[in-house]
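First comes one chain, alone, set out as structure tokens in the form predicted on its own.
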């Protein structure tokens, strides 16, 4: 990408109604454009970050044998009515619309009902199980508050995975594999050291579920953790009964705020039973399919990472998800010529600031955009046969021979 050829420009000011740091910086740096509260457009740089996050998730899920699909956002009320969840009294975050020909459709806040309904066409025998299906899909939730940038949207991108099993033992086994995969995913995303598997309420499904919470000063959740973070609990389940149940009664816990970035749930028969998803066992008995669901907020993760690592100068992307690895600047006629040569060989890795503006403006934009390494080639560096490379995270600079870049 050449900055002289893109329509995107950095902004001095964020949208006036953008209160969240992640939303403000992502808007100013040209990654997103705010349409309205809780709804954002993703610009070329933002798309690259989103796709990098998706690819990390995709690689880890594919390694488990999961298959990717893409389901419709428009929702037929019928399967939702069978579980009672199309009612606004049961689920108060629906966006609904009336068909011109009559009738009501919904915009999906999640996909348990439709995925179960779909699997009725493909699951008949124990030989068809287990199976694991996931998607990256836009969800719609009519949130009362949408003031946290990408961290709480009314329209947002989510990875949702659903697993189907012939036995509870098989569900338990796969659940553990997803736990391990999530640990790897968050490590690769650069937030593994501050993201913890957290005990949370299982609601009507089970005693507990698990959330993945990233420590963050502006996080909307409160979590409690022991000294080695081996036990982490959401505030909603932090009580004597639960501590006794987990065998950690009398242990000292610390408190912090965090942002939920994922969750995993053993649904068992919650949706398969009312929707009639059954299979024929080896003994030719009709049995109900066991089910699990596993969510991960893709756009939310982008917002959390932007919020967590930003400094007073702008964004600071982990190298694994940055839109480009290098921000290239040529200064002076000779510096520009050498920069052009370098760019020609490494276009996919380089954001080339070839604009006719002052070097100081380029350096400021490099810091605002958060590209991991700024590469400057000038008469001064060429005198050493080198380029100056600055690490955005640490601010440390070094000269590297052009032949070694």
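The model shown is predicted, which means the values in this text are computed figures rather than measured ones. Residue numbers count along the first chain shown, from 1.
What comes next is about the form predicted in complex with a small molecule, which is not displayed.
_Residue stretch of 266 to 274, 153 to 161, 72 to 80, 122 to 130 approaching the small molecule in the model of the complex, non-hydrogen atom distance within 4.5 Å_ = Among the candidates, contact is made by 153 to 161.
*Determine whether any heavy atom of residue 165 comes within 4.5 Å of a heavy atom of the small molecule in the model of the complex, and answer yes or no.*
Contact check for residue 165: no, nothing within 4.5 Å of the small molecule in the model of the complex.
*Distance check, residue 143 to the small molecule in the model of the complex, heavy atom within 4.5 Å*: It does: once the small molecule is placed as it appears in the model of the complex, residue 143 has a heavy atom within 4.5 Å of it.
*Check whether residue 260 has any heavy atom within 4.5 Å of a heavy atom of the small molecule in the model of the complex, and answer yes or no.*
Contact with the small molecule, yes.
_Contact with the small molecule in the model of the complex for residue 335, defined as at least one heavy atom pair within 4.5 Å: yes or no?_
Answer no; every heavy atom of residue 335 is more than 4.5 Å from the small molecule in the model of the complex.
*asked:* Can you work out which of 314, 190, 292, 295 has a heavy atom no more than 4.5 Å from the small molecule in the model of the complex?
replied: Result of the distance check: 295.
*So which of 111, 300, 197, 308 gets a non-hydrogen atom within 4.5 Å of the small molecule in the model of the complex?*
Partner contact (heavy atom, 4.5 Å) among the options: 300.
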